[in-house]
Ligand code: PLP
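Before any questions on how it binds or moves, here is one chain, the form predicted on its own, in structure tokens.
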């Protein structure tokens, strides 16, 4: 016997990665320069020089030291570096005991959901949303409740969220800058969410956590990202250096359970227990030690800003409709028909790989990732033009 749900997930994997795998095969067939793969958020800019220097420095250490286990939650010194960074940047009195190092943001999210929910609970997500939120919620035996964002500006719809919260609500997941839209929730929007959830906590008599998924925090184009834990005490932050330091394959991130929680120590202990139960202990050790020293290295946002300008200018000229992103490195483009999957398939015929919006919980859009080379974006314009001609 096998688990039927896991069989289903295995036979229908993440659609983003399916499209990415198709792109790899297609590049092998016709040449990389002839495939315009805007499917996956795989940073195209190199990691900062300081990361390479730190790796080379670590390679001089005895292997048994470099590659040995740490405590389940990670090196005390690395956790302290995270806490110090949060305190320096956001003014929150973060402590190392509330930090748990993880194998990237996905592990952080799985651990967090498992730590704060019980089977039968509900977790609210704001659509469009990263598809794995639903998988990790259902894996914990909970129900994923989709609440659309405001259609005019893609901010959180506080009234709709208020209507969705009930006695079974354990958490609300927010993601700013947002994947796939690129919107940043304003401070006013976060404050309104915090006020509403505080009122609901008092009414229902139990905590309702905000899970703040922040892997794109450093990639913004002018607007600052409000640090949610400064506005709502029951906040758990899930972070990854995959995007900010161009380290997606190294799987290094963290969970920060706000020190402002009334039951902060217990929630942090539950995070540790969930990490143990799920097997997410002792995050990649070499990169724990890389991050410890490289945590303040800047992100090369300029390269993404240039790509954003290239892509939007090209689509403006062709007459496409899209949402101007304030952060991250995705463009949310209106499909030329209601069936986004059919539109994505038509794009594939021109070797233009766009992720349909159905997996993100909405219809009629596609996501284009512009964390690729500028040359790829420039060359893709002929495919965008041919795609539009298909509908004319």
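Please read all numbers here as calculations on a predicted model, not as lab measurements. Residue numbers count along the first chain shown, from 1.
Not pictured, yet referred to below: the form predicted together with this ligand.
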Q | Heavy atom contact within 4.5 Å of this ligand in the predicted complex, the stretch among 87-95, 202-210, 171-179, 268-276 | A | 171-179
Q | Partner contact for residue 215 in the predicted complex: this ligand, 4.5 angstroms, heavy atom | A | yes
Q: Look up in the predicted complex whether residue 104 has a non-hydrogen atom within 4.5 angstroms of this ligand, and give yes or no.
A: yes
(Q) Is residue 307 near this ligand? Define near as a heavy atom within 4.5 Å, in the predicted complex. (A) no
(Q) Within 4.5 Å, heavy atoms only: does residue 233 come near this ligand in the predicted complex? (A) no
Q) in the predicted complex, do 36, 39 and 343 all reach within 4.5 Å of this ligand through at least one heavy atom apiece? A) no
Q | Partner-contacting position among 185, 280, 287, 133 - heavy atom within 4.5 Å of this ligand in the predicted complex | A | 133
(Q) Give me the residue from 109, 123, 219, 245 that has a heavy atom within 4.5 Å of this ligand in the predicted complex. (A) 109
Q. Is any part of 245-276 within 4.5 angstroms of this ligand in the predicted complex by a non-hydrogen atom, and which residues would that be?
A. 251
